[in-house]
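Next comes just one chain, in structure tokens: the form predicted on its own.
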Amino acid sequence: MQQFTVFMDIESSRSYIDELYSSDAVKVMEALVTLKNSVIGSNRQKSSVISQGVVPRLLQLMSEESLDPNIRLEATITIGSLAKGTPENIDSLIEKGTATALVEMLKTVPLGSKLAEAALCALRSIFSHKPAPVDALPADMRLLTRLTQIAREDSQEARTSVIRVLAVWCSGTVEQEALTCAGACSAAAAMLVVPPRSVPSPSRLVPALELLAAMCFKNPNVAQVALNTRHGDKSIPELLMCLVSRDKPLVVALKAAKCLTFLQRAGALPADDSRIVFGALPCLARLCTKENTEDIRASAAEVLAYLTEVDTSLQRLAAISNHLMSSLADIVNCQSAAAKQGAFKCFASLGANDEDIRKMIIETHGLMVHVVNGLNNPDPCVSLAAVRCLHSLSRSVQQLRTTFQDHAVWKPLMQLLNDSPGPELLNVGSSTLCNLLLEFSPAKEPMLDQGAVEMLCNLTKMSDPALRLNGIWALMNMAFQAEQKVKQRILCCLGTEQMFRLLGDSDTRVIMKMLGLLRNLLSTRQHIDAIMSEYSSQVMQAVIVVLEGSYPAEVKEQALCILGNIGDGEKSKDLIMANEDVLRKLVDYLAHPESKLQEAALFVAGNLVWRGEAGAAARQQRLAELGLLRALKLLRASHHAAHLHDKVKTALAQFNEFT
């Protein structure tokens, strides 16, 4: 039956569609009006017309400048009507170059004309489709300046349409800078004015707010321009402040608070600015409450998460605003993925720095159950947000020892990380692992049984420096005060080749953590001697590579501390004493201008010359011959090393036969 109906539609429309190709302008006009009337309000008719291949002819009639302006207008209105059809209809229009044709037309069409308005309305409908054909609009300054002029001076419909198109188009730094140069900030500001005693119109305000937010997002230059842009006697932040009040439509207040948030995060407004403290933040907290719709609450939580992500003062203020904790806990219970994601992100931001806030979050009824469920959520955005929340809370020593253990959060986290996670999830999840593997965390032992060592060693081989850092950092935490079998497992799995690669890493932080891992592996006498008996040549080579290389002082300090740990072993001392190059370097570092390197060298020397150890006298004599005793005396006499004098005095006391 459906096929028959479509056939009848095609038959009945064929006569006037044929007239579209007539050379008689009157017949073309009549056909266009008939076609326009037939497709208005009917997706079935829209689909039928598109399937008959009419779109290219409509685009030709729309674009041909020599034709009657009324024909061009009717063709453009018809295209606009087709663009309000199904997603499949819009895809067909885009494939046939409709967006590009409309943009080309806007380059020459008279400003203020009905034709320009119709073209913009059609383009707005097409750009409302995801993904929008943003490539159809080039970053051409003449065109953009023309469009922003329309946004300032044209009819209300045309202004709203062009602002909406530009908001969708603005997706990166190039677009942000181009729009700013074209005057889009002042165009948006003009749209934000609400005359006294008039009802705010979301259809007019929301596109302008979305454009402003898109332009300022993570762009300090544009945010500064927006800060200094005025319309009448008000700056953009002052206009936004008027829109976050309780009497404004919820979506308007939300979008205005988002703009203020982006201005603050881009550095245009300080965290203690009154428009943030008394405007954006309380507005967002209010919009998270139960009285509002789920989509508003979800979006408000997401924006509030971004506002409070880095600033401790804003985190503390938000935590006590409008019963936010209970509001967020309720949002987590909502069904939509967006709501859960927003709430988890907000919890993550609030707990980023303050232990008291983390305690408040943990004590929120049933939250940890929701976090664990979030980790298991099939929606990757929700699971990522839950991991972010977990990462934030894992900074708490108290929670690592209690709540995290009670809920065994490491199990779903390990499962996530073993299940081919995306780069972002892998990054945040491995950062969380670093915290869960701290020495006081009860989760450490069971995670070892689940293949944590192998997973972390694989992370150190990743191309992303952040992942390499997380991997080696977590291994360093795992090795701290670990049993010998765990240390041996780490060394065996990591391998000496990878160890040397990490010591030559382009990221100094990775090198520091690799040396930190060696330091933790070489602790406890029994462990030191056991590991050095198997890996002595590799470890000594690693230390020499650093001491001889052009590394920063803090890296060389770590290498010296490793030597100091080796010097604390019963048998391992001999490995240092057998290497004259290392001993001479030790003497040199006692006279180094960097105080931290002097102190680290003093730590090594103290362990090598300690009187109570077997063979101490022979080591003292050898080191005295190489100038160590003299270097210690010079260090004692130095006014610049006064803070080291007690340690120098202790080391010299071991040499009583030579002093």
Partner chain sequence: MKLRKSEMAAIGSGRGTMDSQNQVQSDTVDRLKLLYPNVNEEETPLPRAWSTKDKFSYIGLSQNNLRVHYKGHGKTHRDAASVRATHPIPAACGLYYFEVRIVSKGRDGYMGIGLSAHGVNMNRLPGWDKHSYGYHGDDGHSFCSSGTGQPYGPTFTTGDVIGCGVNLVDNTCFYTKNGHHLGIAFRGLPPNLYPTVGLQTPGEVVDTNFGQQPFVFDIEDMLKELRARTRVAIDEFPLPDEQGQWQQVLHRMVSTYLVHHGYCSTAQAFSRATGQPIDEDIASIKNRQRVSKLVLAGRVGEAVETTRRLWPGLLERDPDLLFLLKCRQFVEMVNGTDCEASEDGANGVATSVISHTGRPHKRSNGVAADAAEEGGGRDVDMAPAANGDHEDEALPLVKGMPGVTASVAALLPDRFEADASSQRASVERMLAFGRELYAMSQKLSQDLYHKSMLEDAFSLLAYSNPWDSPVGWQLEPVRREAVCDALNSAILESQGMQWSSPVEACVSHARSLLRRMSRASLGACAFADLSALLAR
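Residue numbers count along the first chain shown, from 1. Given the structure is predicted, the values throughout are model-derived calculations rather than measurements.
What follows is about the form predicted in complex with the partner chain, which we do not show.
Judged by heavy atoms within 4.5 Å of the partner chain in the predicted complex, the contact stretch among the candidates 146-154, 238-246, 166-174, 490-498 is 238-246.
Interface residue among Ser321, Ser431, Asn219, Ser92 relative to the partner chain in the predicted complex, by the heavy atom within 4.5 Å criterion: Ser321.
A heavy atom within 4.5 Å of the partner chain in the predicted complex is found for one listed residue only; from Ala352, Leu317, Ala542, Val453, this is Leu317. Shown alone here, Val277 lies within 4.5 Å of the partner chain in the predicted complex, counting heavy atoms only.
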